[in-house]
Structure formats: C-alpha cells, structure tokens
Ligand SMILES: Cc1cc2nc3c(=O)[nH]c(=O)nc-3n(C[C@H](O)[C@H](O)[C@H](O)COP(=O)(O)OP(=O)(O)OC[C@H]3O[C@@H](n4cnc5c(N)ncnc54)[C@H](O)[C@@H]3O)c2cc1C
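The chain that follows stands alone, in the form predicted on its own, written as structure tokens.
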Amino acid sequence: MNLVKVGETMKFDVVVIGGGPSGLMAAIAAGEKGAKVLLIDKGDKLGRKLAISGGGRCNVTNRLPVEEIIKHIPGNGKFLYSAFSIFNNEDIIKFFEGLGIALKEEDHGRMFPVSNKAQSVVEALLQQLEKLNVKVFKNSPVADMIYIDNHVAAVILKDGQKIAAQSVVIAVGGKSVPHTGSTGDGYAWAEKAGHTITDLFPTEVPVTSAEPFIQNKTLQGLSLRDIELSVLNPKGKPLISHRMDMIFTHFGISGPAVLRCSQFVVKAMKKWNLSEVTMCLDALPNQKEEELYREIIKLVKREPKKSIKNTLKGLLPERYLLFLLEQNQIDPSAQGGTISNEKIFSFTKSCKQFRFKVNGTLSLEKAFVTGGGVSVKEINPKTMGSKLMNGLYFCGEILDIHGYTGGYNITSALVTGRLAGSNAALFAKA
C-alpha cells in the first residue's frame, strides 16, 4: 500500500487516522465534499470493530427518538444534541440504504442489516471509499502528529513517512476491545494539542464480587430473565436501575442489566472512595412485595403439608429459589405449615431485594466501551473540531462520550464521524 519513498512528503487535504466506524464515516464524508483524503489504519483490516459488533450481525444504529437515544448515552449524551440536529439516526439509516444495505428493526429499536452479516456493512463502506477515491494505508501505525503555529501540519508514520495535511481527524477509538486495534494511541496526540483527557474507565463490562456465593460458584452459569438490578449509594438508595436479563459467573455477574449498571459501580466507588458497592436484585419486578407475601402465605395455607420448595415451584428458577431459601435459613424440604411467617416474610424480601456486594469490574481491555476520553468541553459540538488546535477533529470513542450497548455507541460514532469528516474537508478547502 505504501508506495512513497521514505523521506518524501505526501500531501492531502484531510487525513483520517483510524479505520473503525467513525473513521470510515469521516473519510467518506470528507470524500463526498470533494477533498483529497487519506485514511490510515495500523491494522491489516478496516472495520474490525464493526465486523464483530452486534454478535457479528452489526447493530448499525437505533431507531428510538433522539431524546431516548441521548438518555441511553449517560456519558455526555447531551453534547450530541447539536450533532443530531445536523445528522441523526434516521440519516444513518438513509445513508446505509443509499449504499444498498437494507436494514430491519428489532427489539428496543435496534437496526440490523437484513443480511444479518456485519461483513456486508463493512464491504459497502469500503466500496464507497473506493468510489470516492479515498487513499487507504493499512499496516501503517502513526508515530506522531506535527502542529505548527496552532495548526495541524503533518502526520508522521512509524516507518518515518511524513504526510502533510490541511486537517486531521483522529478516530482511533478508546482502550476497549484492543484486539480490534483500539489501544489508546490517540490520547497522546490530543494532549500534545493541549486537550484534557478525562479519567478512563471500563463501561459496559462484567462486574466482580467477592461474596462467598460467587467465590463458591453456587450460582455460576445461572441466568435470570427480566429482573431489575440496581446500584445503591451508601445510604441504600438506587443510583440507577435496569430491567433486563443477567447471569451469575465464576467471578461475579454479567449480562445486559449488569453491563448497563457497570459504569455506575465504577463511579460510586470513585465518588465515595469505596472498596465495595451494594447492588440490589429484584427477581420479580412485576409484583409488589406485600402482594407476593400474601400470595405465598395463601399457597402455604392451602397445602400446609407440602414441602416449601414444591409449594414455591415455578416462582423463580429452581437454583435461585433454593439459594434464597437457604439464605433465609429455610429447609427446602420442610413442610410449608411449619415455617414461621417471619421467615416467609424475609424470604419474600429476598425475592424483591436481594442485596449483595460487588468490588469492581473486569479491566478496561475486557470492556465493550471506554468511559472517559478527550473532554467534550474542548470540542465544537457542531463540527467536532478542536477548540484549541485549528484543523484538528475528533470522532468516535476517543471522545468522552459513552452509551449503553444496543446501537447507541455506534450511532454516536457515525454521527460524530460524519460531522468531523465533512467539516475537516470544508476547513481544508477553505
């Protein structure tokens, strides 16, 4: 790919660094404005994160109203209001349909290609780059950025090549999912331009616990459907609650509800300087505690000689039912009629609010999304341009913007990529 002799300088209007979702979109947007564009990626394949997203099916965006999308981006989602007024999720859908990718809507507004193949999305983007004559350098890690007189001047590759540019878009991602190439390279180039990098932390990540029932693997592999999981503050009030599925693992808990709660575990530990945070699990969110208690009492009275585990059969998955009975010192084979109302009440309370301690999350490398990044206070929300360095643009996960899984992060990446690329091209041509 690299056909230039070392020591020679190539010149481009726009250089985009990073071939993930936001970088591909930025390069296409700049190409559509007629700019001479170079897309640089350090890996041998473009769109690696796209190819594995949505379980290999590629959840390209979400069709919920913009207000809802912003609610699902708890990390600085409000910063995207201006961007969404220019290019939003409906525009993303039109964009892909324009490339010949038919999309379909699934649960919670998630949009997938009808083909169910992420690769078809990646290929459509690559064809578009070719059509717009965007030059691509693969296997070309960037060593440094050159800024002169408060302006972007050039990009230096690790092999010594110097590439002059009127504007540069940094789209190298965060630090999560490093095997796709996101290893945090861009933070140093942003700092060199004067930018603040807010604390990095894992989000959308499994949570760890030292509780004996976790360490003993009592519930390992058990999935609970449609539960409500909350992260509590030191006073025992919920900071956040999510109603989805979860699973117990050998190190703690995982699954959709857990991933969404994870960033609040990290934030609570930091805010109150805690080594452990309490979580609360409601396994029966459709029922009020009082109603549930009365219902169990009624069942026991109807057949007092029946064992309590048979009386309660079907109330909860069997392993979880036996676990909660044991937690409340109730012998599962004891006859219902012999169990005190106090014990039945405490069991009912456990069904609705089983509290347990967690002590953190898996590492940033194991997370789906990076929390923190280039401070959005230093970025123009309408252009994604740096307020500190002329000709410098940022998009995607390097920015301090993070959402839940479900098409929200990729929406943010594509929208910020679109704005960064088109404005980088306008700046270069001006």
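So that there is no doubt, residue numbering starts at 1 and follows the sequence shown. Just so we're clear, the structure is a prediction, and the values are computed from it rather than from any experiment.
Here the subject shifts to the form predicted together with the named molecule, a form of this protein not shown in this document.
Asks: Pick from 142, 296, 232, 224: which has a non-hydrogen atom within 4.5 Å of the named molecule in the predicted bound form?
Replies: For this set of options, the contacting one is 142.
Asks: Of the options 180, 209, 128, 263, which one has a non-hydrogen atom that comes within 4.5 Å of the named molecule in the predicted bound form?
Replies: Here the answer is residue option 180.
Asks: Which single stretch, out of 396-404, 377-385, 66-74, 30-38, brings residue heavy atoms within 4.5 Å of the named molecule in the predicted bound form?
Replies: Single hit among the candidates: 396-404.
Asks: Contact with the named molecule in the predicted bound form for residue 391, defined as at least one heavy atom pair within 4.5 Å: yes or no?
Replies: Result no; residue 391 lies far from the named molecule in the predicted bound form.
Asks: With heavy atoms only and a cut-off of 4.5 Å, decide whether residue 171 touches the named molecule in the predicted bound form.
Replies: Result yes; residue 171 sits at the interface with the named molecule in the predicted bound form.
Asks: Residue-level contact is defined here as any heavy atom of the residue lying within 4.5 Å of the named molecule in the predicted bound form; does residue 185 satisfy this criterion?
Replies: Yes.
Asks: So, residue 372 and the named molecule: in the predicted bound form, are they within 4.5 Å at any heavy atom pair?
Replies: Outside the cut-off, so no.
Asks: Which residues within 10-26 place at least one heavy atom within 4.5 Å of the named molecule in the predicted bound form?
Replies: 17, 18, 19, 20, 21, 22, 23 sit within 4.5 Å of the partner.
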